[in-house]
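Okay, so we've got the same protein chain twice, two forms, each given alone as C-alpha coordinates, structure 1 and structure 2.
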Structure 1
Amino acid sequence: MVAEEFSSGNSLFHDLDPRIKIIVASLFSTIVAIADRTEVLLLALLFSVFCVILSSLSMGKLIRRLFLVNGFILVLWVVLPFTYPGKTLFSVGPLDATAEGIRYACSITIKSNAIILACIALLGTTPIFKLAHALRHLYVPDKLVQLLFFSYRYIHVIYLEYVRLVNAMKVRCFHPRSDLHTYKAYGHLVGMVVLKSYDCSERVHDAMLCRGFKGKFWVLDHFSLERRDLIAFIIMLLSITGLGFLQWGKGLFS
(Lines of atoms letter the chains of each structure in order from A and count residues from 1; the text may use other names and numbers.)
(Lines give C-alpha, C1' and ligand atoms only; values in the text may rest on other atoms or scores of the structure.)
Protein backbone atom coordinates (compact mmCIF):
# COMPACT_ATOMS: atom_id res chain seq x y z
CA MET A 1 0.00 0.00 0.00
CA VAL A 2 1.12 3.59 -0.61
CA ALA A 3 2.99 4.90 2.42
CA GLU A 4 1.18 7.46 4.59
CA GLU A 5 4.29 9.41 5.49
CA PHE A 6 2.66 12.04 7.70
CA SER A 7 -0.30 10.15 9.18
CA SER A 8 1.52 8.92 12.28
CA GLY A 9 2.65 11.38 14.89
CA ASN A 10 1.82 13.13 18.12
CA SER A 11 0.72 16.70 17.53
CA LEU A 12 -2.33 18.91 17.77
CA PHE A 13 -3.27 18.30 14.14
CA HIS A 14 -2.79 14.53 14.34
CA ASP A 15 -5.34 14.39 17.16
CA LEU A 16 -7.96 16.68 15.60
CA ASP A 17 -11.28 15.28 14.44
CA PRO A 18 -10.91 14.39 10.71
CA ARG A 19 -14.30 15.93 9.91
CA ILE A 20 -13.05 19.32 11.07
CA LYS A 21 -9.86 18.98 9.07
CA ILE A 22 -11.74 18.15 5.87
CA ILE A 23 -14.07 21.14 6.28
CA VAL A 24 -11.21 23.55 7.03
CA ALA A 25 -9.07 22.25 4.17
CA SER A 26 -11.97 22.59 1.72
CA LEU A 27 -12.86 26.14 2.79
CA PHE A 28 -9.23 27.28 2.87
CA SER A 29 -8.43 25.82 -0.56
CA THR A 30 -11.52 27.45 -2.09
CA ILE A 31 -10.76 30.90 -0.64
CA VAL A 32 -7.10 30.79 -1.66
CA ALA A 33 -7.84 29.48 -5.15
CA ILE A 34 -10.15 32.39 -6.04
CA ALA A 35 -8.34 35.15 -4.11
CA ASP A 36 -6.16 37.56 -6.09
CA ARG A 37 -4.88 40.14 -3.60
CA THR A 38 -1.18 39.72 -2.77
CA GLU A 39 -1.56 40.44 0.95
CA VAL A 40 -4.32 37.83 1.23
CA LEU A 41 -2.19 35.19 -0.48
CA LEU A 42 0.80 35.96 1.73
CA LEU A 43 -1.34 35.66 4.86
CA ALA A 44 -2.73 32.38 3.53
CA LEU A 45 0.80 31.08 3.04
CA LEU A 46 1.63 32.18 6.59
CA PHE A 47 -1.45 30.29 7.84
CA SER A 48 -0.27 27.14 6.04
CA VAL A 49 3.26 27.42 7.45
CA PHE A 50 1.81 27.84 10.95
CA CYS A 51 -0.29 24.69 10.45
CA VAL A 52 2.79 22.77 9.32
CA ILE A 53 4.69 23.91 12.42
CA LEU A 54 1.86 22.76 14.69
CA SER A 55 1.76 19.40 12.86
CA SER A 56 5.41 18.63 13.72
CA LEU A 57 6.03 17.16 10.28
CA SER A 58 9.34 15.84 8.99
CA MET A 59 10.95 18.75 7.15
CA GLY A 60 12.93 16.46 4.86
CA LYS A 61 9.85 14.64 3.60
CA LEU A 62 7.91 17.89 3.35
CA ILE A 63 10.61 19.61 1.29
CA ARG A 64 10.71 16.65 -1.10
CA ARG A 65 6.96 17.00 -1.65
CA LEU A 66 7.34 20.73 -2.28
CA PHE A 67 10.13 20.10 -4.79
CA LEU A 68 7.79 17.89 -6.82
CA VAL A 69 5.04 20.52 -6.83
CA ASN A 70 7.32 23.45 -7.59
CA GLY A 71 8.98 21.49 -10.38
CA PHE A 72 5.73 21.88 -12.36
CA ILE A 73 5.37 25.51 -11.29
CA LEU A 74 8.85 26.21 -12.63
CA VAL A 75 7.53 25.54 -16.13
CA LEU A 76 4.99 28.33 -15.61
CA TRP A 77 7.79 30.71 -14.68
CA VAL A 78 9.47 29.90 -17.97
CA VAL A 79 6.30 30.44 -20.02
CA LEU A 80 3.96 32.94 -18.33
CA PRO A 81 6.22 36.03 -18.10
CA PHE A 82 6.85 35.89 -21.85
CA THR A 83 3.33 35.06 -22.99
CA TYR A 84 1.07 37.04 -20.64
CA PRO A 85 0.13 40.46 -22.10
CA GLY A 86 1.16 43.58 -20.23
CA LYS A 87 3.88 46.14 -19.67
CA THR A 88 7.34 44.95 -20.72
CA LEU A 89 9.70 44.65 -17.77
CA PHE A 90 12.77 43.18 -19.49
CA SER A 91 13.68 41.31 -22.65
CA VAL A 92 15.52 38.06 -23.34
CA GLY A 93 16.42 38.09 -27.01
CA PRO A 94 13.20 38.42 -29.01
CA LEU A 95 11.04 37.60 -25.95
CA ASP A 96 9.54 40.31 -23.73
CA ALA A 97 8.77 39.55 -20.10
CA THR A 98 5.81 41.47 -18.69
CA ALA A 99 5.26 42.64 -15.13
CA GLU A 100 1.73 41.22 -15.24
CA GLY A 101 3.04 37.81 -16.31
CA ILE A 102 5.57 37.74 -13.46
CA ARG A 103 2.88 38.82 -11.00
CA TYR A 104 0.55 36.10 -12.28
CA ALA A 105 3.24 33.41 -11.98
CA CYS A 106 4.06 34.61 -8.47
CA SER A 107 0.37 34.44 -7.52
CA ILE A 108 0.10 30.85 -8.78
CA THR A 109 3.25 29.89 -6.89
CA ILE A 110 1.99 31.28 -3.58
CA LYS A 111 -1.48 29.77 -4.04
CA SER A 112 -0.12 26.33 -4.90
CA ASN A 113 2.31 26.19 -2.00
CA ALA A 114 -0.25 27.53 0.48
CA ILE A 115 -2.86 24.95 -0.53
CA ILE A 116 -0.38 22.06 -0.63
CA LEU A 117 1.09 22.90 2.78
CA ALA A 118 -2.36 23.28 4.35
CA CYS A 119 -3.62 20.02 2.87
CA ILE A 120 -0.54 18.14 4.03
CA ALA A 121 -0.89 19.56 7.55
CA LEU A 122 -4.64 18.92 7.72
CA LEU A 123 -5.32 15.87 5.55
CA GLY A 124 -1.88 14.25 5.40
CA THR A 125 -1.89 13.82 9.18
CA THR A 126 -4.95 11.54 8.98
CA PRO A 127 -4.92 7.89 7.80
CA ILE A 128 -6.84 7.33 4.57
CA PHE A 129 -9.38 5.05 6.25
CA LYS A 130 -10.28 7.74 8.78
CA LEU A 131 -10.62 10.27 5.95
CA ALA A 132 -13.03 7.95 4.15
CA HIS A 133 -14.95 7.45 7.39
CA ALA A 134 -15.10 11.22 7.96
CA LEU A 135 -16.33 11.85 4.41
CA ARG A 136 -19.14 9.39 5.05
CA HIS A 137 -20.09 11.32 8.20
CA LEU A 138 -20.13 14.53 6.13
CA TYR A 139 -22.74 12.92 3.85
CA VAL A 140 -20.49 12.59 0.83
CA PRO A 141 -22.11 9.98 -1.49
CA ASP A 142 -21.05 6.42 -0.66
CA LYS A 143 -19.89 5.70 -4.20
CA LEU A 144 -17.50 8.65 -4.20
CA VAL A 145 -16.09 7.65 -0.81
CA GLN A 146 -15.59 4.06 -1.94
CA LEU A 147 -14.00 5.22 -5.19
CA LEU A 148 -11.51 7.33 -3.22
CA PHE A 149 -10.70 4.51 -0.81
CA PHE A 150 -10.30 1.76 -3.41
CA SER A 151 -8.29 4.00 -5.74
CA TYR A 152 -5.84 4.68 -2.93
CA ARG A 153 -5.81 1.07 -1.77
CA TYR A 154 -5.05 -0.47 -5.16
CA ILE A 155 -2.74 2.10 -6.76
CA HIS A 156 0.15 0.22 -5.18
CA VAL A 157 -1.17 -3.13 -6.46
CA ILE A 158 -1.41 -1.77 -10.01
CA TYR A 159 2.08 -0.31 -9.72
CA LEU A 160 3.50 -3.67 -8.62
CA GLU A 161 1.84 -5.33 -11.62
CA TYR A 162 3.38 -2.70 -13.89
CA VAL A 163 6.83 -3.35 -12.38
CA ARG A 164 6.40 -7.11 -12.88
CA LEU A 165 5.54 -6.64 -16.56
CA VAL A 166 8.45 -4.24 -17.11
CA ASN A 167 10.86 -6.71 -15.51
CA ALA A 168 9.48 -9.46 -17.76
CA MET A 169 10.22 -7.26 -20.79
CA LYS A 170 13.77 -6.62 -19.56
CA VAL A 171 14.38 -10.36 -19.03
CA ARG A 172 13.46 -10.80 -22.70
CA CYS A 173 16.18 -8.27 -23.61
CA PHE A 174 13.82 -5.42 -24.41
CA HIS A 175 15.64 -2.12 -24.93
CA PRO A 176 13.48 0.95 -25.62
CA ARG A 177 14.30 2.86 -28.78
CA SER A 178 12.55 5.41 -30.99
CA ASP A 179 11.02 2.92 -33.39
CA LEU A 180 7.70 1.26 -34.13
CA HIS A 181 8.59 -1.89 -32.18
CA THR A 182 9.12 0.10 -28.97
CA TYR A 183 5.87 2.02 -29.40
CA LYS A 184 3.95 -1.23 -29.92
CA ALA A 185 5.64 -2.81 -26.90
CA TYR A 186 4.64 0.10 -24.65
CA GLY A 187 1.12 -0.01 -26.07
CA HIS A 188 0.87 -3.68 -25.18
CA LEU A 189 2.30 -2.90 -21.73
CA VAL A 190 -0.39 -0.31 -21.02
CA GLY A 191 -3.07 -2.66 -22.33
CA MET A 192 -1.88 -5.50 -20.10
CA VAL A 193 -1.82 -3.23 -17.03
CA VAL A 194 -5.43 -2.22 -17.75
CA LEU A 195 -6.52 -5.84 -18.24
CA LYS A 196 -4.72 -7.04 -15.11
CA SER A 197 -6.28 -4.20 -13.14
CA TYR A 198 -9.74 -5.15 -14.39
CA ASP A 199 -9.20 -8.81 -13.49
CA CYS A 200 -8.01 -7.79 -10.03
CA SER A 201 -11.08 -5.59 -9.51
CA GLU A 202 -13.37 -8.48 -10.47
CA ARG A 203 -11.67 -10.82 -7.99
CA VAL A 204 -11.84 -8.21 -5.20
CA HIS A 205 -15.52 -7.51 -5.94
CA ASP A 206 -16.39 -11.21 -5.84
CA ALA A 207 -14.47 -11.64 -2.58
CA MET A 208 -16.35 -8.70 -1.02
CA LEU A 209 -19.71 -10.12 -2.11
CA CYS A 210 -18.79 -13.46 -0.57
CA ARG A 211 -18.20 -11.63 2.70
CA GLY A 212 -21.61 -9.96 2.61
CA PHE A 213 -20.63 -6.52 1.32
CA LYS A 214 -23.72 -4.48 0.40
CA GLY A 215 -22.25 -1.09 -0.42
CA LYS A 216 -21.39 0.10 3.08
CA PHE A 217 -18.33 -0.24 5.31
CA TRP A 218 -19.11 -0.93 8.94
CA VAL A 219 -16.73 0.42 11.58
CA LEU A 220 -16.46 -0.11 15.32
CA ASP A 221 -14.97 3.25 16.32
CA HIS A 222 -16.82 6.50 15.67
CA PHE A 223 -15.76 10.12 16.00
CA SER A 224 -16.65 12.32 18.95
CA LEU A 225 -16.11 16.07 19.06
CA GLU A 226 -14.10 17.29 22.02
CA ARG A 227 -13.58 20.80 23.35
CA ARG A 228 -10.15 21.13 21.75
CA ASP A 229 -11.65 20.17 18.39
CA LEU A 230 -14.26 22.91 18.63
CA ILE A 231 -11.71 25.51 19.78
CA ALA A 232 -9.34 24.64 16.94
CA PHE A 233 -12.21 24.70 14.44
CA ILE A 234 -13.38 28.14 15.60
CA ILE A 235 -9.86 29.59 15.44
CA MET A 236 -9.18 28.23 11.95
CA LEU A 237 -12.64 29.23 10.73
CA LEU A 238 -12.12 32.80 11.99
CA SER A 239 -8.74 32.88 10.23
CA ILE A 240 -10.28 31.76 6.94
CA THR A 241 -13.13 34.25 7.39
CA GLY A 242 -10.55 36.98 7.93
CA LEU A 243 -8.89 36.07 4.63
CA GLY A 244 -12.24 36.30 2.88
CA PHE A 245 -12.98 39.64 4.50
CA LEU A 246 -9.61 41.04 3.40
CA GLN A 247 -10.30 39.85 -0.14
CA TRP A 248 -13.93 40.97 -0.54
CA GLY A 249 -14.83 42.98 2.56
CA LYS A 250 -14.18 46.42 1.06
CA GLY A 251 -16.44 45.65 -1.85
CA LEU A 252 -19.24 44.57 0.48
CA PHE A 253 -19.14 47.71 2.62
CA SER A 254 -18.31 50.31 -0.04
Structure 2
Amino acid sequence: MVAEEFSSGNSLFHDLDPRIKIIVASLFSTIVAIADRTEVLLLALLFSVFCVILSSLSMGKLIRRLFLVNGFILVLWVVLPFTYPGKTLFSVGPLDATAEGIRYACSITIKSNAIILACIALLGTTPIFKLAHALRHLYVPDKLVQLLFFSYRYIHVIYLEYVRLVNAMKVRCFHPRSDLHTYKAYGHLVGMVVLKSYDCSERVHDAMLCRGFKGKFWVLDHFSLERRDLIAFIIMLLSITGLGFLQWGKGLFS
Protein backbone atom coordinates (compact mmCIF):
# COMPACT_ATOMS: atom_id res chain seq x y z
CA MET A 1 0.00 0.00 0.00
CA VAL A 2 2.77 2.41 0.89
CA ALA A 3 5.12 2.09 -2.04
CA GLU A 4 7.02 4.31 -4.37
CA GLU A 5 5.26 3.18 -7.51
CA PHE A 6 7.33 5.00 -10.07
CA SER A 7 10.77 5.28 -8.48
CA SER A 8 12.40 2.21 -9.98
CA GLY A 9 13.18 2.15 -13.64
CA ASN A 10 15.74 2.99 -16.20
CA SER A 11 15.35 6.19 -18.12
CA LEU A 12 16.88 9.61 -18.58
CA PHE A 13 14.70 10.95 -15.78
CA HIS A 14 15.53 8.17 -13.37
CA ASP A 15 19.23 8.92 -13.70
CA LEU A 16 19.12 12.72 -13.43
CA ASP A 17 20.63 14.45 -10.42
CA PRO A 18 17.86 14.68 -7.76
CA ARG A 19 18.87 18.24 -6.89
CA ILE A 20 18.09 19.33 -10.45
CA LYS A 21 14.80 17.48 -10.39
CA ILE A 22 13.72 19.20 -7.18
CA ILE A 23 14.63 22.66 -8.48
CA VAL A 24 12.92 22.14 -11.83
CA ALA A 25 9.81 20.62 -10.25
CA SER A 26 9.40 23.53 -7.81
CA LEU A 27 10.00 26.19 -10.47
CA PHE A 28 7.65 24.55 -12.94
CA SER A 29 4.87 24.05 -10.34
CA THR A 30 5.14 27.66 -9.19
CA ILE A 31 5.06 29.15 -12.68
CA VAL A 32 2.15 26.99 -13.79
CA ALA A 33 0.21 27.55 -10.56
CA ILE A 34 0.21 31.33 -11.08
CA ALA A 35 -0.10 31.39 -14.90
CA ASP A 36 -3.56 32.00 -16.31
CA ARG A 37 -3.30 32.19 -20.11
CA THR A 38 -4.74 29.15 -21.84
CA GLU A 39 -1.95 28.78 -24.40
CA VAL A 40 0.68 28.87 -21.63
CA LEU A 41 -1.18 26.17 -19.73
CA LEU A 42 -1.50 23.99 -22.81
CA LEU A 43 2.23 24.33 -23.50
CA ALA A 44 2.93 23.48 -19.86
CA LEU A 45 0.81 20.34 -20.21
CA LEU A 46 2.80 19.49 -23.35
CA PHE A 47 6.04 19.92 -21.36
CA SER A 48 4.75 17.56 -18.66
CA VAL A 49 3.57 14.95 -21.14
CA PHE A 50 6.97 15.13 -22.79
CA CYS A 51 8.67 14.58 -19.41
CA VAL A 52 6.41 11.61 -18.68
CA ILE A 53 7.19 10.05 -22.06
CA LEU A 54 10.92 10.52 -21.48
CA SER A 55 10.69 8.84 -18.08
CA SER A 56 9.04 5.76 -19.67
CA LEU A 57 6.57 5.05 -16.86
CA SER A 58 3.86 2.43 -16.97
CA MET A 59 0.88 4.14 -18.61
CA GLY A 60 -1.70 1.98 -16.86
CA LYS A 61 -0.46 2.92 -13.39
CA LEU A 62 -0.16 6.55 -14.41
CA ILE A 63 -3.73 6.80 -15.69
CA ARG A 64 -5.10 5.07 -12.61
CA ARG A 65 -3.20 7.55 -10.45
CA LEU A 66 -4.54 10.52 -12.40
CA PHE A 67 -8.13 9.30 -11.95
CA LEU A 68 -7.64 9.10 -8.18
CA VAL A 69 -6.09 12.54 -7.96
CA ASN A 70 -8.71 14.30 -10.06
CA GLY A 71 -11.48 13.81 -7.49
CA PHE A 72 -11.35 17.39 -6.24
CA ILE A 73 -11.32 18.66 -9.83
CA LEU A 74 -14.51 16.69 -10.46
CA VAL A 75 -16.21 18.59 -7.63
CA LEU A 76 -15.09 21.85 -9.28
CA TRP A 77 -16.70 20.75 -12.55
CA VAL A 78 -19.99 20.13 -10.77
CA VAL A 79 -20.04 23.49 -8.98
CA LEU A 80 -17.97 26.06 -10.90
CA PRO A 81 -19.96 26.33 -14.16
CA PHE A 82 -23.03 27.25 -12.14
CA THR A 83 -21.47 29.75 -9.77
CA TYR A 84 -19.18 31.65 -12.14
CA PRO A 85 -20.76 34.88 -13.43
CA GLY A 86 -21.06 35.24 -17.21
CA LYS A 87 -23.15 34.42 -20.26
CA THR A 88 -25.54 31.51 -19.85
CA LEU A 89 -24.68 28.54 -22.02
CA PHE A 90 -27.35 26.08 -20.91
CA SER A 91 -29.61 25.57 -17.92
CA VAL A 92 -30.28 22.62 -15.67
CA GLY A 93 -33.51 23.34 -13.81
CA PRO A 94 -33.02 26.65 -11.97
CA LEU A 95 -29.22 26.59 -12.47
CA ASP A 96 -27.49 28.36 -15.34
CA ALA A 97 -24.15 27.13 -16.58
CA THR A 98 -21.91 29.87 -17.94
CA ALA A 99 -19.36 29.61 -20.73
CA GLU A 100 -16.81 31.46 -18.58
CA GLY A 101 -17.33 29.01 -15.74
CA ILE A 102 -16.67 26.04 -18.01
CA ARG A 103 -13.58 27.74 -19.43
CA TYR A 104 -12.32 28.40 -15.91
CA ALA A 105 -12.89 24.81 -14.84
CA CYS A 106 -11.08 23.69 -17.99
CA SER A 107 -8.05 25.83 -17.25
CA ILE A 108 -7.86 24.58 -13.65
CA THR A 109 -8.04 20.99 -14.86
CA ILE A 110 -5.19 21.53 -17.34
CA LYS A 111 -3.12 23.38 -14.73
CA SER A 112 -3.58 20.76 -12.06
CA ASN A 113 -2.78 17.83 -14.33
CA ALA A 114 0.23 19.55 -15.85
CA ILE A 115 1.72 20.02 -12.38
CA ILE A 116 0.87 16.49 -11.24
CA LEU A 117 2.37 14.89 -14.36
CA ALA A 118 5.56 16.93 -14.11
CA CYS A 119 5.90 16.04 -10.43
CA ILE A 120 5.41 12.34 -11.15
CA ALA A 121 8.01 12.46 -13.92
CA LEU A 122 10.51 14.48 -11.89
CA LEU A 123 10.00 13.60 -8.23
CA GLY A 124 8.18 10.28 -8.56
CA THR A 125 11.16 8.82 -10.39
CA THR A 126 13.46 9.48 -7.42
CA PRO A 127 13.63 7.22 -4.37
CA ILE A 128 12.53 9.25 -1.35
CA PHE A 129 15.78 8.68 0.56
CA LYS A 130 17.67 10.20 -2.34
CA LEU A 131 15.27 13.14 -2.36
CA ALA A 132 15.92 13.66 1.33
CA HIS A 133 19.66 13.69 0.73
CA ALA A 134 19.22 16.13 -2.11
CA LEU A 135 17.06 18.38 0.09
CA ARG A 136 19.86 18.45 2.66
CA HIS A 137 22.28 19.48 -0.10
CA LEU A 138 19.82 22.24 -1.02
CA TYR A 139 20.06 23.67 2.53
CA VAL A 140 16.70 22.52 3.89
CA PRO A 141 16.96 22.62 7.73
CA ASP A 142 18.70 19.59 9.18
CA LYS A 143 15.95 18.67 11.64
CA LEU A 144 13.30 18.76 8.95
CA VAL A 145 15.30 16.39 6.75
CA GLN A 146 15.87 14.09 9.73
CA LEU A 147 12.12 14.04 10.37
CA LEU A 148 11.56 13.12 6.73
CA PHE A 149 14.18 10.37 6.88
CA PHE A 150 12.86 8.76 10.03
CA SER A 151 9.19 9.02 9.24
CA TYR A 152 9.59 7.54 5.80
CA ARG A 153 11.87 4.82 7.14
CA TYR A 154 9.36 3.80 9.80
CA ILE A 155 6.12 4.12 7.82
CA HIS A 156 6.67 0.58 6.59
CA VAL A 157 7.42 -0.75 10.06
CA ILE A 158 4.38 0.92 11.61
CA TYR A 159 2.25 -0.16 8.68
CA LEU A 160 3.14 -3.81 9.31
CA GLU A 161 2.25 -3.36 13.00
CA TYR A 162 -1.05 -1.84 11.93
CA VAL A 163 -1.78 -4.75 9.59
CA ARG A 164 -1.04 -7.18 12.42
CA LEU A 165 -3.51 -5.36 14.71
CA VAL A 166 -6.20 -5.27 12.02
CA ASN A 167 -5.73 -8.98 11.37
CA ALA A 168 -6.07 -9.64 15.09
CA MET A 169 -9.37 -7.73 15.03
CA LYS A 170 -10.58 -9.67 11.99
CA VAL A 171 -9.71 -13.00 13.62
CA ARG A 172 -11.97 -11.92 16.47
CA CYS A 173 -14.83 -11.32 14.02
CA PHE A 174 -14.74 -7.55 14.03
CA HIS A 175 -17.10 -6.08 11.45
CA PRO A 176 -16.97 -2.32 11.00
CA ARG A 177 -20.43 -0.76 11.32
CA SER A 178 -21.68 2.74 12.07
CA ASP A 179 -21.97 2.35 15.81
CA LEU A 180 -20.21 3.34 18.97
CA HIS A 181 -18.58 -0.07 19.36
CA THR A 182 -16.86 0.31 15.98
CA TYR A 183 -15.61 3.81 16.78
CA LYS A 184 -14.35 2.64 20.15
CA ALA A 185 -12.49 -0.22 18.50
CA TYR A 186 -10.96 2.10 15.94
CA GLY A 187 -10.05 4.60 18.65
CA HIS A 188 -8.23 1.88 20.54
CA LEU A 189 -6.58 0.76 17.30
CA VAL A 190 -5.24 4.28 16.74
CA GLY A 191 -4.10 4.43 20.36
CA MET A 192 -2.31 1.11 20.01
CA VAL A 193 -0.57 2.19 16.79
CA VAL A 194 0.58 5.40 18.50
CA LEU A 195 1.75 3.44 21.54
CA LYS A 196 3.73 0.95 19.47
CA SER A 197 5.32 3.75 17.46
CA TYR A 198 6.29 5.52 20.68
CA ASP A 199 7.97 2.40 22.06
CA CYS A 200 9.64 1.84 18.71
CA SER A 201 11.00 5.41 18.72
CA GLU A 202 12.48 4.91 22.18
CA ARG A 203 14.26 1.75 21.06
CA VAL A 204 15.54 3.51 17.94
CA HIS A 205 16.78 6.48 19.94
CA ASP A 206 18.54 4.25 22.48
CA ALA A 207 20.16 2.29 19.66
CA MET A 208 21.37 5.53 18.13
CA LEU A 209 22.81 6.73 21.42
CA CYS A 210 24.61 3.40 21.80
CA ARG A 211 26.27 4.02 18.47
CA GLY A 212 27.45 7.48 19.47
CA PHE A 213 24.76 9.70 17.94
CA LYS A 214 25.43 13.35 18.80
CA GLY A 215 22.68 15.11 16.88
CA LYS A 216 24.53 15.27 13.61
CA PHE A 217 23.19 13.36 10.66
CA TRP A 218 25.90 12.66 8.15
CA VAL A 219 24.97 12.97 4.52
CA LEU A 220 26.25 9.88 2.76
CA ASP A 221 25.00 10.36 -0.77
CA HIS A 222 26.95 12.97 -2.64
CA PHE A 223 25.75 13.87 -6.06
CA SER A 224 27.91 14.94 -8.91
CA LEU A 225 26.68 17.08 -11.76
CA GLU A 226 27.51 15.51 -15.07
CA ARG A 227 27.28 16.99 -18.51
CA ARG A 228 24.01 15.19 -19.19
CA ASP A 229 22.50 16.65 -16.00
CA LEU A 230 23.58 20.14 -16.93
CA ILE A 231 22.21 19.90 -20.47
CA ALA A 232 18.87 18.56 -19.21
CA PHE A 233 18.79 21.28 -16.55
CA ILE A 234 19.42 24.04 -19.07
CA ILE A 235 16.84 22.73 -21.54
CA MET A 236 14.16 22.44 -18.85
CA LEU A 237 15.05 25.82 -17.38
CA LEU A 238 14.79 27.42 -20.83
CA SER A 239 11.37 25.83 -21.41
CA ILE A 240 10.12 27.12 -18.08
CA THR A 241 11.51 30.60 -18.80
CA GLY A 242 9.76 30.39 -22.17
CA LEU A 243 6.47 29.67 -20.40
CA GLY A 244 6.99 32.61 -18.08
CA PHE A 245 7.88 34.83 -21.02
CA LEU A 246 4.71 33.84 -22.90
CA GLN A 247 2.64 34.59 -19.81
CA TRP A 248 4.11 37.92 -18.76
CA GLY A 249 6.55 38.87 -21.54
CA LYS A 250 4.23 41.15 -23.49
CA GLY A 251 4.01 43.61 -20.67
CA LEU A 252 7.78 44.05 -20.67
CA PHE A 253 7.92 45.58 -24.13
CA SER A 254 4.74 47.63 -24.39
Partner chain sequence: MHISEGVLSPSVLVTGAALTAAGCGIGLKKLDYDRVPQVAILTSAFFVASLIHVPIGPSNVHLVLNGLMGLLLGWPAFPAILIALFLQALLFQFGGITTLGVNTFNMAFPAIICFYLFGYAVKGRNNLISNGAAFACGFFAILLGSLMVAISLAFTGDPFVGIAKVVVIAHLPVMIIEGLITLFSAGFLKKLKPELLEVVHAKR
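We call the rigid core whatever largest set of C-alpha positions still superposes within 1.5 Å between the two forms. A quick note: this is a predicted structure, and the numbers were derived from the prediction, not measured. Along the sequence of structure 1, residues get numbers from 1 upward.
Of the two copies shown, the first one, structure 1, is the form predicted on its own. Treated as two rigid bodies moving between the two structures, the chain carries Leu135 and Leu80 on a single body. Between the two rigid parts, the smaller one rotates 7° against the larger between the two structures, as C-alpha superposition shows. Here the two forms are laid over each other by their core, and the C-alpha of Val171 is off by 5.6 Å between the two structures. Taking the core as the reference frame, the CA atom of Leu148 shifts 3.2 angstrom between the two structures.
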